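Starting off, we have a lone chain in the form predicted alone, written out as structure tokens.
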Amino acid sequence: MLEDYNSRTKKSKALWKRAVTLFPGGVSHNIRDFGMPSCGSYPPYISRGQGGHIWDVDGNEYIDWWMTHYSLILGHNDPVVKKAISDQVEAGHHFRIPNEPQVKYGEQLKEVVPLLEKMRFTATGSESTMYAVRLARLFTKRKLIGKTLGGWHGGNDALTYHMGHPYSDAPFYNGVSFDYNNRESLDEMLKKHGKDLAGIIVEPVIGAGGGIPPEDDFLVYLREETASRDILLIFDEIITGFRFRFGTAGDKLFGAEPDLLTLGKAAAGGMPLGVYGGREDVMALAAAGAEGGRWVGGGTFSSHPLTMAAGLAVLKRLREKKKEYVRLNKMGDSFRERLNEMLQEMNAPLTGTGYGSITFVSHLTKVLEGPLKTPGQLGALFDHDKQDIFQGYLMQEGVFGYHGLGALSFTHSEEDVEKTLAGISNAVRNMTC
């Protein structure tokens, strides 16, 4: 199907042939084949990035919407972040001993996000959500955790379940779920399991489940219902933190304050970071020897000096760009509006969802008559096979993304937006020929 793409990516093809002999499925993260084997092809192997663009090993250029899984809100190869990392490398790239940048970065985060009364750093988001859940269980002395259908919170056993329709997989360990933006679904779960729930974890804007924002004060309602039952509320802001504003989204944009919070991605500009923190009385259980506590740690690469140095530089740059968030979010909102108008005119079974600078384009089993409001609604209509083919055709058009597309950075231009719309139009036409 992708003859043009395959003909100009010979080096990527050779690397893919080697990779499949080494890694299950050819990759070290399940989604990093980007659905290309479904198209009889393979992912491009990237050699460099600059701003909002990347180049593969064959020299082909792509408009990058993936942006390191939405981490690079400053764009690829930001000079200030790059220099901070380089300067730290000169001093030593890792010690596994407390370092000064760790303290400075923690102070800066706490200043911007006062919810982080106490915090700890990890190397990944999966670790951070795992430890946040463990603290909730220790603090409440309950075991059950609630999450949303379609919610992705990393690859730990506590939370890796009910991610894809029909949500029939069993949790690895003590988990239940409800449909986001669906008060009846939440009420039903609380009625049945409320007394046993240690915590409920949600992304303020559902990520892999479709880029769906909260509606009708849903997060406010969730906060009220969890507080009344002494259930800890955990906001997973690994994607949303520092993505829509300089700080977190749940409390400032959607009016609900959690007990615990996780951060990552944009907060360190592409370096490996996870943060978990929040209420001091809950976080106290992470301290060694705490009464009622158990091991809630980090890892060899937690508080890595290169990540801490990069994080400090990222916060400095984002503080300078605080006012630019309005422009960036409007750019994303305008793009989705134009995208959906175009898809409607083409009578195409696709829809664009998202919030601010994040946009998902989902291929559905039928043309949609109204807006999507819940991950469950999207999951029931989602066409996985055609989604992969659509993304493959986008790559052939020089547009790189996943979940249909991805996220804008401060470095993307209006020209990038126009080329992306044209690429999507061509991809849809190629699929219907």
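Start at 1 with the first residue shown and count on from there. What you see is a predicted model, and the numbers here were worked out from it, not measured in a lab.
Keep in mind that the form predicted in complex with a small molecule is not shown, yet the notes after this line are about it.
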For the interface check, one of 211 to 219, 232 to 240, 245 to 253, 339 to 347 should have non-hydrogen atoms within 4.5 Å of the small molecule in the predicted bound form; which one? 232 to 240
Could you tell me if Gly354 has a non-hydrogen atom within 4.5 Å of the small molecule in the predicted bound form? no
Using the partner position in the predicted bound form, report whether Gly154 sits within 4.5 Å of the small molecule, counting heavy atoms only. yes
Taking the small molecule as it sits in the predicted bound form, is Thr359 in contact with it (heavy atom to heavy atom, 4.5 Å or less)? no
Thr124 within 4.5 Å of the small molecule in the predicted bound form, heavy atoms: yes
